[in-house]
Ligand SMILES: Nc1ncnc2c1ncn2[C@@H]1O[C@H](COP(=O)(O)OP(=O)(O)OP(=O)(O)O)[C@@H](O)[C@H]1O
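One chain follows as structure tokens, the form predicted alone.
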Amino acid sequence: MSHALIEIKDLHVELGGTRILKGLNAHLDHGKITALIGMNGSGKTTLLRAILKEVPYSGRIAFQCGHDHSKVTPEYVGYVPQKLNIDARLPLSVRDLLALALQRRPLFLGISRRVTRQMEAMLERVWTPKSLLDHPVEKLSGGELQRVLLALAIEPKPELLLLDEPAAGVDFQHQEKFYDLIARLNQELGVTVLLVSHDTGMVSDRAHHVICLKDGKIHCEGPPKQMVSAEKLAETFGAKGIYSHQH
């Protein structure tokens, strides 16, 4: 029987005088994939940012993991944003990007063999060839960049992985494999996943639980097969807001 890794109680977020989240109550089951769906502006990204403590909020977000987690740190929360803004004028390779996160000494002093081996293992874990290390970050395809960010997010092994539309920049034909990768990491690492997605096919096939947000509130939640029914999707997205690569 699963237990909650995170309990969210009476969560409110107001930004720029606008109420974004309005009294959310939810929990994320340990070791499960929870999909967060809803129209743009419903508060999905704001919920992730509240969990990361990147926005002020009232209410309670409690980690039930038996550790002192008074502060969010990369050691137990991994995060993959929708996109990473890289200045094209900055000559940054994938090797440089990973090294900045993995070692303390400046890049101009070089990258140790230990860190290089660690980077190669990280890419292998997300089905990515180590030859990508020498590619410029700003030249990566959407799918390649998301795999690199995913590799960073799961190093070291997090207890919680937050994914904000992780396949949004991935080529249509590769999205299925990317979601397969997330499901595999969930199974192999036992990491709890909160995933924002508009892809109802992914939600139906790979998520264990679905939370539907509408106007900053939880409109409905439950098993995927029930939440991606035509009736529930029409209530959450409206007739024109539904997307699935399977239909």
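Start at 1 with the first residue shown and count on from there. This one's a predicted model, so the numbers in the text were calculated from it and none came from an experiment.
Below, we refer to the form predicted together with the ligand, which is not included among the displayed structures.
For the three marked residues, Q64, E159 and T192, no heavy atom of any sits within 4.5 Å of the ligand in the predicted bound form. Exactly one of the stretches 182-190, 35-43, 203-211, 22-30 approaches the ligand in the predicted bound form with heavy atoms within 4.5 Å, and it is 35-43. Mapping the unseen interface onto this chain, S93 falls outside it, with no heavy atom inside 4.5 Å of the ligand in the predicted bound form. Proximity of S141 to the ligand in the predicted bound form falls outside the 4.5 Å heavy atom cutoff.
A residue is said to contact a partner when one of its heavy atoms sits within 4.5 Å of a partner heavy atom; E155 fails this definition for the ligand in the predicted bound form, lying far away. Under a 4.5 angstroms non-hydrogen atom cutoff, the ligand in the predicted bound form lacks Q118 among its neighbouring residues. In the predicted bound form, not one residue of 144-161 has a heavy atom within 4.5 Å of the ligand.
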